[in-house]
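Next up is one chain by itself, shown in structure tokens, the form predicted on its own.
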């Protein structure tokens, strides 16, 4: 592997642009190539973000010998197909969340990565930002005692468009997969990546048949609880809390990209941790991927593949409770 790690960008949408903006704040990361379904969109992206090469197909990108790792940024329903393509061409992959449409796809992706002995990670960028790492450090130090409850939400009021990825079942639309993955992954991280022992949820399925808003309570071992919510038609506060036996931690709004965490113990003044991002926040997951590649690791301890499967199982189970099944299933 070269001194600079060479990134390929699969897809040219809004999330790809955010990722590359963060990536460009890393001195030893190179935007080597971009792949799109059309040459014009690949060329435009390459010109805007300084990619060395622009490919007119995803296969051409996956085949590029001058690419070390590919960031898959396509809509949910394409994650499995695109990831398998990259893995089959010997590329390491950072796949945008949610990892897949369902557990069956997620397991297929993980199995293929293991067969190819290739690196694979779900792009849960929130886990690697400094404020989140500080919160995890406080918990490991026992500052709040035993974590007993997590509370988190991510909801916004989007414009109802039946053809958009947010509302179209063909795209895996709805709040759970699009933004619910954030509070779910946060709770999973706090409680050790284990599958909940029980869960219950309620959702409003809108006119297109997807969950426009949802709330869910997950029970973990020893009675620990996660109280979570997501929405694409309702704005929520964006805060996250970890409540322990000796104190609490707040990840300040918006928690998934926060630069501020606070530790409150009893009547004491809160301890504040605040640190601006190096770039826009997306760079930290890329730095973790690069660290893993240089260390010869095929997955990240910060976002293990087993945990990505657990999260998909959890979302599958919640959707089953709501009667929400996607056409491709």
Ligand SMILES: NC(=O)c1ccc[n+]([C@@H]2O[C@H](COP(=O)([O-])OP(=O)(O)OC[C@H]3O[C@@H](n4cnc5c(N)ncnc54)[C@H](OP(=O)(O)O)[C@@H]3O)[C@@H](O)[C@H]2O)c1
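As the structure is a prediction and not an experimental result, all values here were calculated from the model. Numbering follows the first chain given and starts at 1.
The next section is about a form of this same protein that is not shown, the form predicted together with the ligand.
Engineer: Honest question, do 132, 138 and 185 all end up within 4.5 Å of the ligand in the model of the complex by heavy atom distance?
Structural biologist: None of them does, since no heavy atom lies within 4.5 Å of the partner.
Engineer: Note which of 247, 206, 75, 90 lies within 4.5 Å of the ligand in the model of the complex, where distance is taken over heavy atoms; exactly one does.
Structural biologist: Selected option: 75.
Engineer: Tell me which of 144-152, 103-111, 175-183, 228-236 has residues with heavy atoms within 4.5 angstroms of the ligand in the model of the complex?
Structural biologist: Checking each option against the 4.5 Å cut-off leaves 175-183.
Engineer: Can you work out whether residue 14 and the ligand are in contact in the model of the complex, taking contact to mean some heavy atom pair no more than 4.5 Å apart?
Structural biologist: Although the ligand is absent here, residue 14 would touch it in the model of the complex, with heavy atoms inside 4.5 Å.
Engineer: Hey, in the model of the complex, does residue 300 get a heavy atom within 4.5 angstroms of the ligand?
Structural biologist: Residue-level check for residue 300: no, no contact with the ligand.
Engineer: Verify the contact flag for residue 165: yes if a non-hydrogen atom of it lies within 4.5 Å of a non-hydrogen atom of the ligand in the model of the complex, no if not.
Structural biologist: Contact with the ligand, yes.
Engineer: Can you tell me if residue 224 lies within 4.5 angstroms of the ligand in the model of the complex, counting non-hydrogen atoms only?
Structural biologist: Answer no; every heavy atom of residue 224 is more than 4.5 Å from the ligand in the model of the complex.
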